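Taking the form predicted on its own, here's one chain by itself in C-alpha coordinates.
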Amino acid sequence: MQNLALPLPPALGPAAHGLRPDVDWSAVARDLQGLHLVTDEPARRRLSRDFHWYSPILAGQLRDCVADLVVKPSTEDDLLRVAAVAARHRAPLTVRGAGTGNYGQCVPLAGGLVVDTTEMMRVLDLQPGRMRVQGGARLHDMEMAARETRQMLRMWPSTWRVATIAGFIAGGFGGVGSTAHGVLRDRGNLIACRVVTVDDEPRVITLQGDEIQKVHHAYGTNGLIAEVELALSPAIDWVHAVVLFPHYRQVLDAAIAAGRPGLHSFLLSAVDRRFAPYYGPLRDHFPGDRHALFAMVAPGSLADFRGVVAAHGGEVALAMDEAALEGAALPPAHECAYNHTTLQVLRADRSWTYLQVAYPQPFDPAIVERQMARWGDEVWQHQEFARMHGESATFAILLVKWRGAERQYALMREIEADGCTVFDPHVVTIEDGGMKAIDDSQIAFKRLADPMGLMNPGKTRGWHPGMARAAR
(Lines give C-alpha, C1' and ligand atoms only; values in the text may rest on other atoms or scores of the structure.)
Protein backbone atom coordinates (compact mmCIF):
# COMPACT_ATOMS: atom_id res chain seq x y z
CA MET A 1 0.00 0.00 0.00
CA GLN A 2 1.47 3.33 -1.02
CA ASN A 3 -0.18 5.52 1.58
CA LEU A 4 0.67 4.12 5.02
CA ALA A 5 0.79 7.47 6.82
CA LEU A 6 -2.32 9.27 7.89
CA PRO A 7 -3.71 11.13 4.86
CA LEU A 8 -3.37 14.89 4.96
CA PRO A 9 -5.91 17.34 3.56
CA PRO A 10 -5.17 18.14 -0.07
CA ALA A 11 -3.95 21.60 -0.99
CA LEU A 12 -7.02 23.44 -2.18
CA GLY A 13 -7.59 26.46 -4.37
CA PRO A 14 -6.52 27.21 -7.95
CA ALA A 15 -3.06 28.53 -7.08
CA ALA A 16 -2.14 25.25 -5.38
CA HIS A 17 -2.57 23.51 -8.74
CA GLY A 18 -0.70 26.05 -10.85
CA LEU A 19 -3.90 27.73 -12.04
CA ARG A 20 -4.89 31.37 -12.15
CA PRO A 21 -6.63 32.38 -8.92
CA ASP A 22 -8.19 35.51 -10.44
CA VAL A 23 -10.77 34.18 -12.91
CA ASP A 24 -13.50 36.74 -13.65
CA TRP A 25 -16.57 34.56 -13.12
CA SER A 26 -18.99 37.22 -14.24
CA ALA A 27 -17.14 37.29 -17.58
CA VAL A 28 -17.25 33.48 -17.78
CA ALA A 29 -21.02 33.60 -17.18
CA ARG A 30 -21.44 36.21 -19.93
CA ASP A 31 -19.49 34.03 -22.36
CA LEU A 32 -21.75 31.08 -21.52
CA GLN A 33 -24.95 33.11 -21.82
CA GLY A 34 -27.77 31.06 -23.35
CA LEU A 35 -26.67 27.82 -21.72
CA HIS A 36 -28.24 26.48 -18.53
CA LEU A 37 -26.22 28.13 -15.76
CA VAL A 38 -26.51 27.57 -12.01
CA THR A 39 -25.28 30.48 -9.90
CA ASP A 40 -26.97 30.34 -6.49
CA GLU A 41 -24.73 29.07 -3.72
CA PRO A 42 -26.89 26.22 -2.29
CA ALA A 43 -27.31 24.66 -5.74
CA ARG A 44 -23.62 25.09 -6.56
CA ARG A 45 -22.72 23.42 -3.29
CA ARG A 46 -25.08 20.51 -3.98
CA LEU A 47 -23.63 20.05 -7.46
CA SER A 48 -20.10 20.03 -6.01
CA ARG A 49 -20.80 16.86 -4.02
CA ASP A 50 -20.86 13.13 -4.53
CA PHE A 51 -21.03 10.18 -2.14
CA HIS A 52 -17.54 10.80 -0.72
CA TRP A 53 -19.29 11.23 2.64
CA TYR A 54 -19.03 7.43 2.96
CA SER A 55 -15.49 8.33 4.11
CA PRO A 56 -15.19 10.48 7.27
CA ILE A 57 -11.73 11.47 6.04
CA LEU A 58 -12.97 12.81 2.70
CA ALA A 59 -16.06 14.34 4.31
CA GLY A 60 -13.75 16.56 6.35
CA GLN A 61 -11.25 17.30 3.60
CA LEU A 62 -13.77 18.23 0.92
CA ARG A 63 -16.33 20.07 3.06
CA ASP A 64 -15.51 23.53 1.68
CA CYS A 65 -14.98 22.62 -2.00
CA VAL A 66 -17.62 24.49 -4.01
CA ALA A 67 -17.87 25.38 -7.69
CA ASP A 68 -17.81 29.06 -8.64
CA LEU A 69 -20.25 28.36 -11.46
CA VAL A 70 -22.17 25.34 -12.80
CA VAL A 71 -23.16 24.85 -16.43
CA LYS A 72 -25.44 22.17 -17.83
CA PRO A 73 -24.81 21.57 -21.54
CA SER A 74 -27.28 19.51 -23.55
CA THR A 75 -25.41 18.93 -26.84
CA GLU A 76 -21.90 18.25 -28.03
CA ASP A 77 -21.79 21.78 -29.48
CA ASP A 78 -22.63 23.12 -26.01
CA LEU A 79 -19.78 21.05 -24.61
CA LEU A 80 -17.34 22.45 -27.19
CA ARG A 81 -18.42 25.97 -26.26
CA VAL A 82 -17.93 25.27 -22.54
CA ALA A 83 -14.47 23.87 -23.20
CA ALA A 84 -13.48 26.93 -25.25
CA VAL A 85 -14.69 29.34 -22.56
CA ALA A 86 -12.85 27.45 -19.82
CA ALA A 87 -9.66 27.54 -21.87
CA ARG A 88 -10.06 31.22 -22.71
CA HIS A 89 -10.36 32.18 -19.05
CA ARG A 90 -7.92 29.49 -17.81
CA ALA A 91 -10.70 28.35 -15.50
CA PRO A 92 -10.44 25.01 -13.67
CA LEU A 93 -13.13 22.65 -14.89
CA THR A 94 -14.65 19.56 -13.24
CA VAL A 95 -17.14 17.33 -15.04
CA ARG A 96 -19.89 15.44 -13.22
CA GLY A 97 -22.71 13.07 -14.02
CA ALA A 98 -25.20 12.19 -11.30
CA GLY A 99 -22.60 12.43 -8.52
CA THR A 100 -22.96 8.80 -7.36
CA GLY A 101 -19.20 8.19 -7.08
CA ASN A 102 -17.67 7.54 -3.68
CA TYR A 103 -14.21 9.09 -3.88
CA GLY A 104 -14.78 12.76 -4.59
CA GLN A 105 -14.26 12.23 -8.32
CA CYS A 106 -16.52 15.16 -9.22
CA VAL A 107 -15.73 17.40 -6.25
CA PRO A 108 -13.92 20.53 -7.52
CA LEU A 109 -10.80 20.78 -5.33
CA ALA A 110 -9.88 24.10 -6.92
CA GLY A 111 -13.41 25.46 -7.25
CA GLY A 112 -13.99 26.70 -10.76
CA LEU A 113 -16.52 25.52 -13.32
CA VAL A 114 -18.51 22.34 -12.77
CA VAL A 115 -19.93 20.85 -15.98
CA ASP A 116 -23.07 18.87 -15.16
CA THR A 117 -23.75 16.53 -18.09
CA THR A 118 -27.12 15.16 -16.96
CA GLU A 119 -29.00 17.09 -19.65
CA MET A 120 -26.94 15.26 -22.30
CA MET A 121 -29.13 12.19 -21.88
CA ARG A 122 -30.38 11.12 -25.30
CA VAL A 123 -30.12 7.70 -26.92
CA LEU A 124 -28.61 8.45 -30.34
CA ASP A 125 -28.64 5.03 -31.98
CA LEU A 126 -29.73 1.53 -31.05
CA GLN A 127 -28.75 -1.46 -33.18
CA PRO A 128 -28.42 -5.20 -32.65
CA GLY A 129 -25.50 -5.66 -30.25
CA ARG A 130 -24.75 -1.97 -29.66
CA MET A 131 -26.09 1.34 -28.39
CA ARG A 132 -24.79 4.90 -28.82
CA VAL A 133 -25.79 7.55 -26.29
CA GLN A 134 -24.85 10.97 -25.01
CA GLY A 135 -22.47 10.88 -22.04
CA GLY A 136 -25.09 12.03 -19.54
CA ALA A 137 -27.55 9.24 -20.34
CA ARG A 138 -28.69 7.34 -17.25
CA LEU A 139 -27.95 3.61 -17.14
CA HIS A 140 -31.55 2.86 -16.14
CA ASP A 141 -32.96 4.74 -19.14
CA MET A 142 -30.46 3.01 -21.42
CA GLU A 143 -31.50 -0.39 -20.07
CA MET A 144 -35.19 0.39 -20.60
CA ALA A 145 -34.49 1.46 -24.19
CA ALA A 146 -32.44 -1.68 -24.83
CA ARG A 147 -35.22 -3.91 -23.45
CA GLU A 148 -37.62 -2.54 -26.06
CA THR A 149 -35.43 -4.34 -28.62
CA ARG A 150 -35.05 -7.48 -26.46
CA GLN A 151 -31.51 -6.49 -25.53
CA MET A 152 -29.83 -5.47 -22.27
CA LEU A 153 -26.79 -3.68 -20.90
CA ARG A 154 -23.86 -5.89 -19.97
CA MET A 155 -23.28 -4.24 -16.60
CA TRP A 156 -24.21 -1.31 -14.43
CA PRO A 157 -23.49 0.10 -10.95
CA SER A 158 -25.96 -0.50 -8.13
CA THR A 159 -26.81 3.21 -8.45
CA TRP A 160 -28.09 2.57 -12.00
CA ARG A 161 -31.35 4.46 -11.50
CA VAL A 162 -29.49 7.80 -11.53
CA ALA A 163 -25.87 7.05 -12.57
CA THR A 164 -24.74 8.22 -16.02
CA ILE A 165 -22.75 6.22 -18.55
CA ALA A 166 -19.87 8.72 -18.82
CA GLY A 167 -19.67 8.90 -15.03
CA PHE A 168 -19.57 5.10 -14.88
CA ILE A 169 -16.73 4.99 -17.40
CA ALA A 170 -14.77 7.86 -15.84
CA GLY A 171 -15.15 6.74 -12.24
CA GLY A 172 -16.28 3.12 -12.23
CA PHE A 173 -14.73 -0.30 -12.68
CA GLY A 174 -17.38 -3.02 -12.87
CA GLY A 175 -20.58 -3.91 -11.11
CA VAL A 176 -23.82 -5.78 -11.56
CA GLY A 177 -23.27 -7.99 -14.59
CA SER A 178 -19.55 -8.47 -14.00
CA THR A 179 -20.26 -12.09 -13.05
CA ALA A 180 -21.20 -12.66 -16.70
CA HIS A 181 -19.34 -9.99 -18.65
CA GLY A 182 -16.25 -9.04 -16.67
CA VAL A 183 -15.31 -5.47 -15.87
CA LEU A 184 -15.61 -2.35 -18.00
CA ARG A 185 -12.06 -2.54 -19.32
CA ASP A 186 -12.51 -6.12 -20.56
CA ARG A 187 -12.42 -6.18 -24.34
CA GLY A 188 -15.79 -6.00 -26.07
CA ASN A 189 -17.77 -4.13 -23.42
CA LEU A 190 -17.00 -0.60 -24.65
CA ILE A 191 -16.93 0.11 -28.38
CA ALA A 192 -16.16 3.81 -28.79
CA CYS A 193 -16.46 7.24 -27.21
CA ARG A 194 -16.20 10.83 -28.37
CA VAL A 195 -14.09 13.09 -26.16
CA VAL A 196 -14.07 16.91 -26.24
CA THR A 197 -10.70 18.51 -25.52
CA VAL A 198 -10.23 21.59 -23.34
CA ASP A 199 -8.06 23.94 -25.34
CA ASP A 200 -8.17 27.32 -27.05
CA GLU A 201 -9.70 25.56 -30.06
CA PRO A 202 -11.44 22.48 -28.65
CA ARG A 203 -11.89 19.47 -30.88
CA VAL A 204 -13.52 16.07 -30.72
CA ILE A 205 -11.40 12.92 -30.54
CA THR A 206 -12.95 9.51 -31.17
CA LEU A 207 -11.48 6.66 -29.16
CA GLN A 208 -12.25 3.10 -30.19
CA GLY A 209 -11.79 -0.27 -28.54
CA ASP A 210 -8.76 -0.42 -26.27
CA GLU A 211 -8.10 3.29 -26.83
CA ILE A 212 -10.99 3.99 -24.43
CA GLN A 213 -8.68 2.96 -21.57
CA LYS A 214 -7.11 6.42 -21.96
CA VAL A 215 -10.20 7.97 -20.35
CA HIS A 216 -11.62 4.99 -18.46
CA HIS A 217 -11.30 5.44 -14.68
CA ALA A 218 -9.47 8.74 -15.24
CA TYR A 219 -11.91 10.74 -13.06
CA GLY A 220 -12.56 13.18 -15.89
CA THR A 221 -9.02 14.54 -15.70
CA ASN A 222 -8.29 14.28 -19.42
CA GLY A 223 -11.32 15.00 -21.57
CA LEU A 224 -15.09 15.53 -21.61
CA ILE A 225 -16.88 12.33 -22.66
CA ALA A 226 -19.60 13.53 -25.03
CA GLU A 227 -20.80 10.21 -26.44
CA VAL A 228 -20.40 6.53 -25.68
CA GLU A 229 -21.04 3.46 -27.81
CA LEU A 230 -21.22 0.20 -25.89
CA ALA A 231 -22.08 -3.43 -26.46
CA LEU A 232 -25.45 -4.99 -25.68
CA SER A 233 -26.41 -8.60 -25.05
CA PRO A 234 -29.68 -10.48 -25.67
CA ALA A 235 -32.21 -9.73 -22.93
CA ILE A 236 -32.73 -12.22 -20.11
CA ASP A 237 -35.57 -12.09 -17.59
CA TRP A 238 -33.37 -12.75 -14.57
CA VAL A 239 -34.58 -14.54 -11.48
CA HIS A 240 -33.68 -12.48 -8.42
CA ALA A 241 -32.90 -14.75 -5.49
CA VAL A 242 -32.18 -14.40 -1.79
CA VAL A 243 -30.53 -17.53 -0.41
CA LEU A 244 -29.97 -18.07 3.33
CA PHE A 245 -27.23 -20.01 5.13
CA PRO A 246 -26.44 -20.57 8.81
CA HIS A 247 -22.68 -20.08 8.32
CA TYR A 248 -20.86 -17.44 6.29
CA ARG A 249 -18.37 -19.97 4.93
CA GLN A 250 -21.31 -21.74 3.30
CA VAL A 251 -22.31 -18.54 1.52
CA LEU A 252 -18.81 -18.10 0.12
CA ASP A 253 -18.47 -21.71 -0.97
CA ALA A 254 -21.89 -21.62 -2.64
CA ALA A 255 -21.00 -18.40 -4.49
CA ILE A 256 -17.78 -19.96 -5.77
CA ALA A 257 -19.70 -23.01 -7.00
CA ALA A 258 -22.44 -20.89 -8.58
CA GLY A 259 -19.83 -18.86 -10.46
CA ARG A 260 -18.61 -21.85 -12.46
CA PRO A 261 -18.95 -21.81 -16.26
CA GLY A 262 -22.26 -23.19 -17.42
CA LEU A 263 -24.37 -21.69 -14.65
CA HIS A 264 -25.52 -18.38 -16.10
CA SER A 265 -25.60 -15.69 -13.42
CA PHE A 266 -25.54 -11.89 -13.54
CA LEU A 267 -24.91 -11.22 -9.83
CA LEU A 268 -23.48 -13.18 -6.89
CA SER A 269 -23.19 -11.11 -3.73
CA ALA A 270 -22.44 -12.54 -0.25
CA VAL A 271 -23.81 -10.46 2.62
CA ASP A 272 -23.12 -10.89 6.34
CA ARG A 273 -26.24 -11.47 8.51
CA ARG A 274 -25.43 -8.34 10.55
CA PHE A 275 -26.63 -6.23 7.60
CA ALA A 276 -30.10 -7.80 7.78
CA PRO A 277 -31.77 -5.24 10.10
CA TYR A 278 -30.99 -2.53 7.53
CA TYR A 279 -32.72 -4.36 4.66
CA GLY A 280 -36.18 -3.32 5.82
CA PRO A 281 -38.37 -4.39 2.87
CA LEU A 282 -36.70 -7.82 2.92
CA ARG A 283 -37.15 -8.50 6.64
CA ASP A 284 -39.27 -11.58 5.91
CA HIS A 285 -36.67 -12.95 3.48
CA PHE A 286 -33.38 -11.92 5.16
CA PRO A 287 -33.72 -12.50 8.92
CA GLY A 288 -30.91 -11.52 11.24
CA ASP A 289 -30.01 -15.10 12.14
CA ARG A 290 -28.95 -16.10 8.61
CA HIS A 291 -26.29 -14.95 6.15
CA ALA A 292 -27.42 -14.23 2.59
CA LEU A 293 -26.40 -14.75 -0.99
CA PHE A 294 -28.11 -12.28 -3.34
CA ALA A 295 -28.13 -13.58 -6.89
CA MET A 296 -29.50 -12.96 -10.37
CA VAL A 297 -29.74 -16.21 -12.32
CA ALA A 298 -30.97 -17.03 -15.82
CA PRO A 299 -34.21 -19.06 -15.76
CA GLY A 300 -32.48 -21.88 -17.61
CA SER A 301 -29.87 -22.14 -14.84
CA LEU A 302 -32.27 -21.94 -11.91
CA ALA A 303 -32.45 -25.71 -11.34
CA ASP A 304 -28.65 -25.96 -11.28
CA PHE A 305 -28.49 -22.98 -8.93
CA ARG A 306 -30.95 -24.61 -6.54
CA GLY A 307 -28.79 -27.70 -6.60
CA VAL A 308 -25.70 -25.70 -5.64
CA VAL A 309 -27.62 -24.04 -2.81
CA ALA A 310 -28.85 -27.35 -1.42
CA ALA A 311 -25.39 -28.94 -1.68
CA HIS A 312 -23.98 -26.17 0.52
CA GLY A 313 -26.67 -26.23 3.19
CA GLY A 314 -28.71 -23.24 2.06
CA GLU A 315 -32.34 -22.52 1.34
CA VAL A 316 -33.87 -20.23 -1.26
CA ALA A 317 -35.94 -17.69 0.66
CA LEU A 318 -36.99 -15.67 -2.38
CA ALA A 319 -36.93 -16.25 -6.15
CA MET A 320 -38.86 -13.82 -8.33
CA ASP A 321 -38.51 -12.07 -11.65
CA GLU A 322 -38.42 -8.29 -11.77
CA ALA A 323 -42.12 -7.85 -12.43
CA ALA A 324 -43.05 -10.01 -9.45
CA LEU A 325 -40.64 -8.07 -7.22
CA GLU A 326 -42.20 -4.78 -8.26
CA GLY A 327 -45.66 -6.17 -7.55
CA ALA A 328 -44.54 -7.21 -4.07
CA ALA A 329 -42.80 -3.85 -3.42
CA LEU A 330 -39.45 -5.61 -2.99
CA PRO A 331 -36.07 -4.35 -4.23
CA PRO A 332 -34.21 -6.12 -7.03
CA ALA A 333 -31.17 -8.17 -5.99
CA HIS A 334 -28.79 -5.68 -7.63
CA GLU A 335 -29.96 -2.96 -5.23
CA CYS A 336 -28.91 -5.19 -2.32
CA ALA A 337 -25.32 -5.54 -3.54
CA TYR A 338 -22.13 -3.57 -4.25
CA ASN A 339 -22.11 -0.21 -2.48
CA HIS A 340 -25.88 -0.28 -1.98
CA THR A 341 -25.02 -2.70 0.82
CA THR A 342 -22.93 0.03 2.46
CA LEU A 343 -25.64 2.60 1.83
CA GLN A 344 -28.30 0.54 3.61
CA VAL A 345 -26.37 1.01 6.88
CA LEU A 346 -25.00 4.52 6.40
CA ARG A 347 -28.48 5.89 5.77
CA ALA A 348 -29.27 4.99 9.38
CA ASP A 349 -25.90 5.12 11.14
CA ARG A 350 -23.00 7.36 10.13
CA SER A 351 -20.64 5.75 12.66
CA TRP A 352 -19.55 3.31 9.95
CA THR A 353 -17.35 3.60 6.88
CA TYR A 354 -16.00 1.07 4.40
CA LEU A 355 -12.98 -0.53 2.73
CA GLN A 356 -12.60 -2.11 -0.69
CA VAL A 357 -10.54 -5.28 -1.08
CA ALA A 358 -9.47 -7.67 -3.85
CA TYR A 359 -8.52 -11.23 -2.94
CA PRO A 360 -5.80 -13.35 -4.52
CA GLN A 361 -7.09 -16.01 -6.91
CA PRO A 362 -8.09 -18.74 -6.61
CA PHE A 363 -10.12 -17.25 -3.78
CA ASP A 364 -9.66 -18.95 -0.40
CA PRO A 365 -12.66 -18.33 1.90
CA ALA A 366 -10.48 -19.23 4.89
CA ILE A 367 -9.03 -15.71 4.63
CA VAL A 368 -12.46 -14.27 5.34
CA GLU A 369 -13.07 -16.72 8.19
CA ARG A 370 -9.83 -15.69 9.88
CA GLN A 371 -10.61 -12.01 9.46
CA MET A 372 -14.13 -12.44 10.87
CA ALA A 373 -12.66 -14.11 13.96
CA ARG A 374 -9.99 -11.42 14.29
CA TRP A 375 -12.17 -8.33 13.99
CA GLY A 376 -15.51 -9.43 15.41
CA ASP A 377 -18.15 -6.70 15.26
CA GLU A 378 -15.69 -4.06 14.07
CA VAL A 379 -15.92 -5.28 10.44
CA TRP A 380 -18.95 -6.72 8.64
CA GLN A 381 -18.34 -8.92 5.62
CA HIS A 382 -19.63 -8.48 2.06
CA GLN A 383 -18.05 -10.12 -1.01
CA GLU A 384 -18.78 -9.76 -4.72
CA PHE A 385 -17.99 -12.54 -7.20
CA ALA A 386 -17.14 -11.52 -10.74
CA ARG A 387 -14.91 -12.17 -13.71
CA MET A 388 -12.01 -10.04 -14.89
CA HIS A 389 -9.87 -10.62 -17.98
CA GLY A 390 -11.60 -13.96 -18.44
CA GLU A 391 -10.76 -15.27 -14.96
CA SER A 392 -12.62 -15.44 -11.65
CA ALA A 393 -12.29 -12.41 -9.39
CA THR A 394 -13.47 -11.83 -5.84
CA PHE A 395 -13.82 -8.43 -4.20
CA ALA A 396 -15.10 -7.17 -0.88
CA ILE A 397 -16.79 -3.98 0.21
CA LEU A 398 -16.34 -4.26 3.97
CA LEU A 399 -18.35 -2.21 6.43
CA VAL A 400 -15.96 -0.86 9.09
CA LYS A 401 -16.77 0.81 12.39
CA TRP A 402 -15.13 4.25 12.31
CA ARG A 403 -12.53 4.50 15.05
CA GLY A 404 -10.34 7.17 13.50
CA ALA A 405 -7.93 7.38 10.58
CA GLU A 406 -5.10 5.67 12.41
CA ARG A 407 -7.18 2.56 13.09
CA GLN A 408 -8.53 2.60 9.53
CA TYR A 409 -5.02 2.46 8.07
CA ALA A 410 -3.97 -0.17 10.58
CA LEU A 411 -6.82 -2.35 9.29
CA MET A 412 -5.60 -1.82 5.73
CA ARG A 413 -2.14 -3.02 6.70
CA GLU A 414 -3.63 -6.11 8.33
CA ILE A 415 -5.64 -6.89 5.19
CA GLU A 416 -2.60 -6.54 2.98
CA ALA A 417 -0.58 -8.73 5.33
CA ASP A 418 -3.16 -11.43 4.52
CA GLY A 419 -2.16 -11.19 0.85
CA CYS A 420 -5.09 -9.03 -0.25
CA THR A 421 -5.09 -5.73 -2.14
CA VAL A 422 -6.77 -2.68 -0.61
CA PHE A 423 -8.28 0.02 -2.82
CA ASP A 424 -8.21 2.97 -0.46
CA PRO A 425 -11.59 4.80 -0.57
CA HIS A 426 -10.35 7.62 1.66
CA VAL A 427 -8.21 9.45 -0.93
CA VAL A 428 -9.12 11.56 -3.96
CA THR A 429 -6.29 10.64 -6.34
CA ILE A 430 -6.72 7.96 -8.99
CA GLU A 431 -3.44 6.25 -8.21
CA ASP A 432 -3.75 6.04 -4.42
CA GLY A 433 -7.33 4.85 -4.55
CA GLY A 434 -7.65 2.19 -7.21
CA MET A 435 -5.08 2.27 -9.98
CA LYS A 436 -2.10 1.72 -7.65
CA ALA A 437 0.19 3.14 -10.35
CA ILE A 438 0.34 6.17 -12.64
CA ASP A 439 -1.15 5.31 -16.04
CA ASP A 440 1.29 6.87 -18.49
CA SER A 441 -1.14 6.53 -21.41
CA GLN A 442 -3.75 8.56 -19.53
CA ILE A 443 -1.22 11.28 -18.76
CA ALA A 444 -0.07 11.32 -22.39
CA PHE A 445 -3.68 11.74 -23.46
CA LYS A 446 -4.11 14.54 -20.91
CA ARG A 447 -1.24 16.40 -22.60
CA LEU A 448 -3.25 16.18 -25.80
CA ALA A 449 -6.79 16.73 -24.49
CA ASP A 450 -6.11 19.08 -21.57
CA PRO A 451 -2.76 20.73 -22.30
CA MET A 452 -3.29 23.55 -19.78
CA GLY A 453 -4.12 21.14 -16.94
CA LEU A 454 -7.53 22.66 -16.28
CA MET A 455 -9.52 19.44 -15.85
CA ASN A 456 -10.27 18.17 -12.34
CA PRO A 457 -6.98 19.45 -10.89
CA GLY A 458 -5.56 17.54 -7.95
CA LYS A 459 -7.06 14.14 -8.84
CA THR A 460 -4.01 12.52 -10.45
CA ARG A 461 -0.44 12.37 -9.20
CA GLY A 462 0.72 11.80 -12.75
CA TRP A 463 0.21 15.47 -13.63
CA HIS A 464 1.94 18.44 -12.03
CA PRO A 465 1.63 22.16 -12.82
CA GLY A 466 4.97 22.24 -14.63
CA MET A 467 3.56 20.00 -17.34
CA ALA A 468 0.90 22.51 -18.37
CA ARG A 469 1.32 24.45 -21.59
CA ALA A 470 1.82 28.15 -20.98
CA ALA A 471 -0.94 30.59 -21.92
CA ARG A 472 -0.70 31.83 -25.47
Ligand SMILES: Cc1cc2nc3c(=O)[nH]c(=O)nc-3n(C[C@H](O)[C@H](O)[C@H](O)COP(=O)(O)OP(=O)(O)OC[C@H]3O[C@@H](n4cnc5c(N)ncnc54)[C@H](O)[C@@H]3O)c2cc1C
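Position 1 is the first residue in the sequence shown; the rest follow in order. Predicted, not measured: the structure shown is a model, and the values here were computed from it.
There is another form of this protein, the form predicted together with this ligand, and it is not shown here; the text below is about that form.
Peer 1: Heavy atoms within 4.5 Å of this ligand in the predicted bound form: which stretch in 279-287, 293-301, 125-133, 155-163 meets that?
Peer 2: The contacting stretch is 155-163.
Peer 1: Only one of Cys193, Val95, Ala258, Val82 comes within 4.5 Å of this ligand in the predicted bound form by heavy atoms, so just point that one out.
Peer 2: If I apply the 4.5 Å criterion carefully, the residue I get is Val95.
Peer 1: Under a 4.5 angstroms heavy atom criterion, identify the one residue in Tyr409, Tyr54, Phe423, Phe445 near this ligand in the predicted bound form.
Peer 2: By the 4.5 Å criterion, the partner-contacting residue is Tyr54.
Peer 1: Please check if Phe266 has a heavy atom lying within 4.5 Å of any heavy atom of this ligand in the predicted bound form.
Peer 2: Close contact is absent here: in the predicted bound form, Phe266 is far from this ligand, nothing within 4.5 Å, heavy atoms only.
Peer 1: Quick check on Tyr338: any heavy atom within 4.5 Å of this ligand in the predicted bound form?
Peer 2: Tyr338: contacts this ligand in the predicted bound form.
Peer 1: Classify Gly172 as contacting or not contacting this ligand in the predicted bound form by the rule of any non-hydrogen atom within 4.5 angstroms, answering yes or no.
Peer 2: It does: once this ligand is placed as it appears in the predicted bound form, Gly172 has a heavy atom within 4.5 Å of it.
Peer 1: For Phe168, is any heavy atom within 4.5 Å of this ligand in the predicted bound form, or not?
Peer 2: Close contact exists here: in the predicted bound form, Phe168 approaches this ligand to within 4.5 Å, heavy atoms only.
Peer 1: At 4.5 Å, heavy atom to heavy atom, what parts of 84-109 sit next to this ligand in the predicted bound form? List them in sequence order, or say none.
Peer 2: The stretch 84-109, when checked against this ligand in the predicted bound form, contributes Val95, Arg96, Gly97, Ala98, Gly99, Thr100, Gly101, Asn102, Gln105, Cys106 at the 4.5 Å heavy-atom cut-off.
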